[in-house]
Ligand SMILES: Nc1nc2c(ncn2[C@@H]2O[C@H](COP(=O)(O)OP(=O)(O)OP(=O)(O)O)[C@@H](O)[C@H]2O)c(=O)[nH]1
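Heads up, the chain below is alone and in the form predicted alone; it's given as structure tokens.
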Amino acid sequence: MIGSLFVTGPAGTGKSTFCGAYKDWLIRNEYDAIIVNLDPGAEFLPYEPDIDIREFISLTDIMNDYSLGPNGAQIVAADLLLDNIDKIKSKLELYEDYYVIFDTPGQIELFSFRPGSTMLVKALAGQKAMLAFVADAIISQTPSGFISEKMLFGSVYSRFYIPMMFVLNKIDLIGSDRVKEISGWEEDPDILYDEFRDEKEDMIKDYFLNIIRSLKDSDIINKIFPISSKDMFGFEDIYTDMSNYFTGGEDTDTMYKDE
């Protein structure tokens, strides 16, 4: 692989839709790309996975074998990902000069906070791994929602400690003015704090001011990638960040370009 992007984030933020749309964007722009589905419990995917963990792990079998309900089976399935690394890697070897998008389980705790997930990322991608934390623009359009998303982003970053993007999805649902306002919070935490104080007048001010400042000082408030998976807007910035990290910004020849 040229490089990989592990896509995570809270449920309902449009992670799988982002994965499918981003792969389509890469191929349209003549970059080779595949998607690896790492969610054994996915009942529907808005794309056709090139590699699918459901070939090796069945939630129904786990529920029957371990006498578990759906939630317990999801946890066991997440841990069983490690047992299937060699099977996934053997398939990945067929895609040497590709960008690989890993679609992780819909519930963030099943990937980002399981003990074996960091080992999974290292085993599958080594030094060729980045993370995309997909946040929901609708939630992030309030100061309290934005802060909560950033705190969750920071907790994921502390687990993996690899290059990571804050991808603000669904911006088509909030409009350009709201996106500019959110970007302003990213650039100036003092503005974020002032607007948070207006939103939550009765809350402890110093506590959250210190949180906002610590997020800025640690570079967790640093840069956002506003995108719309529906409109395929913002994907060029995602690719540029990946290309800069994996290839020093130089475009890599692909079979699509050769054709």
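Every value quoted in this text rests on a predicted model; they were computed, and no experiment measured them. Numbers for residues come from their place in the sequence shown, where the first is 1.
We do not show the form predicted together with this ligand, though everything after this point is about it.
*Asks:* Against this ligand in the predicted complex, would residue 79 count as a contact residue? Criterion: heavy atoms within 4.5 Å.
*Replies:* The answer is no: residue 79 has no heavy atom within 4.5 Å of this ligand.
*Asks:* Using a 4.5 angstroms cut-off on non-hydrogen atoms, would residue 200 count as touching this ligand in the predicted complex?
*Replies:* Judged by the heavy-atom cut-off of 4.5 Å, residue 200 is well away from this ligand in the predicted complex.
*Asks:* Using a 4.5 Å heavy atom cut-off, state whether residue 169 contacts this ligand in the predicted complex.
*Replies:* Yes, residue 169 lies within 4.5 Å of this ligand in the predicted complex.
*Asks:* Just checking whether residue 230 would be counted as a contact of this ligand in the predicted complex - the rule being heavy atoms within 4.5 angstroms.
*Replies:* Result yes; residue 230 sits at the interface with this ligand in the predicted complex.
*Asks:* Of these, 123, 75, 173, 151, which has a heavy atom no more than 4.5 Å from this ligand in the predicted complex?
*Replies:* None of the other options qualify; the answer is 173.
*Asks:* If you look in the predicted complex, which residues in 10 to 31 sit within 4.5 Å of this ligand (heavy atoms)?
*Replies:* If the 4.5 Å heavy-atom criterion is applied to this ligand in the predicted complex, 10 to 31 yields 10, 11, 12, 13, 14, 15, 16, 17.
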